[in-house]
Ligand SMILES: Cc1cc2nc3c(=O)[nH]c(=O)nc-3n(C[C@H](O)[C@H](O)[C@H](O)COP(=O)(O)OP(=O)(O)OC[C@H]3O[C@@H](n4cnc5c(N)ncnc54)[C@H](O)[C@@H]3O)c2cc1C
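To begin, one chain is listed below as structure tokens, in the form predicted alone.
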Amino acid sequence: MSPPLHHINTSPTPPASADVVVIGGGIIGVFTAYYLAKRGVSVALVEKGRIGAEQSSRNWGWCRQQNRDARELPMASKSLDLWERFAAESGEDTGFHRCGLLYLSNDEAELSRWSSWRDFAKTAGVTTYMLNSRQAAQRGQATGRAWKGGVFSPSDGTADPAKAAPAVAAALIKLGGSVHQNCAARGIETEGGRVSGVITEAGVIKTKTAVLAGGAWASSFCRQLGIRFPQASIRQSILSVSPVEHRLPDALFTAGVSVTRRNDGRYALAISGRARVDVTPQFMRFAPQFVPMFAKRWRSLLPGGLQGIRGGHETLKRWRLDAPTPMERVRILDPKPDLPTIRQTHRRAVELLPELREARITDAWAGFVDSTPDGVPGIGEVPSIPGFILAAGFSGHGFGIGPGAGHLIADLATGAEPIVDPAPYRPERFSDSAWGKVADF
């Protein structure tokens, strides 16, 4: 079952041309197009299904600095300010608020890692508080448990995955940008080696710049262009429960289960890192590059089934540009949640927060998280195709840093001063020698 999602009305007919075409209507794509439109750039955003219908509406909704990779932290900090600024500038509601994020633990090693991150974060101007056992018990009193310690990051917050991407798309339309749902991009046209157009199922949009923010579909799309982009998708499951009488923490992390309050009072429940790996031909091709990451997470990554193959987003096949592609056959990736994980998540949540015994399960869903070998996205122009900018592989972190990532991509597309240093995100880092046009597919 797919999660609730706000719907917006868009135009069925894309324009004949645009300064920039953004492929993919998730949180990265819509914020990229929004920041381009704010600069007076003519932009068309094409989405094969519905705006925000895949992972952008299937995540926790956390907008955090806490425990970010050092390479992502500057973008995460910028994003928090941009989330707030977007609401003030656009009048659209993404559900964002700085509620603070609470982490609780009884694991000394985990607490030590959080303390080390706190010390590092100070050098980047980020404030986060380590909690002793008394403070952790006080902030986590809803659990009724004793805790060795924890962390509270007061400037972090959450946004509503059901609202966010549609809200940004609505703001984009107000600025004169064009948005087109149920309009799949099939490929890229080039002239003289650089981008000259985007081929969609509704015709060609002439452009000199194309941004691929295709989420779990990005690697297969790149393959059609002869570009090697290592990416693997893992299937994560989540559920939501009805509101309860007494308000629980807005955003709580523990090793066993995490809980996030939505704006309508419901709570989203998930187990951090727990996922199914649905083996696909693409997964097997890139497996050697993912071995180190998967080896670290072997306790939480479980064998999956055939849903990845059925989805079609990790195909090794070449598709024709004058016929329906896998993206048109599967408009929205809507994998089935893993029922054992859903049951375990609910059981752990009720044990952690007894108040949830009174709540009923309202929804359960799954989503494919697009991951890179080092867990950090690839953002940048592809050297072999000038004008083609890749923005994918956000590894489950993309929702919170969506505004900062979109701003950076808009900077790269327009030649503006980057909001953060783009060097750590260079897609070429995955394999400089193999990057670009390759023949050994």
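Residue indices: 1-based, along the sequence shown. Keep in mind the model is a prediction, meaning the values are calculated, not measured.
The same protein also has a form predicted together with the ligand, omitted here; what follows describes it.
Contact annotation: residue 331 falls within 4.5 Å of the ligand in the predicted bound form, judged by heavy atom distances. The ligand is not shown here, but in the predicted bound form it comes within 4.5 Å of a heavy atom of residue 61. Looking at residue 398, you'd find a heavy atom of it within 4.5 angstroms of the ligand in the predicted bound form. The closest non-hydrogen atom of residue 407 lies beyond 4.5 Å of the ligand in the predicted bound form. None of 379 to 387, 61 to 69, 411 to 419, 34 to 42 except one has non-hydrogen atoms within 4.5 angstroms of the ligand in the predicted bound form; the exception is 61 to 69. Among the residues 353, 369, 210, 205, the one placing a heavy atom within 4.5 Å of the ligand in the predicted bound form is 369. By the 4.5 Å heavy atom rule, the three marked residues 23, 214 and 327 all count as contacting the ligand in the predicted bound form. Counting a residue when any of its non-hydrogen atoms is within 4.5 Å of the ligand in the predicted bound form, the hits in 160 to 198 run 183, 184, 185.
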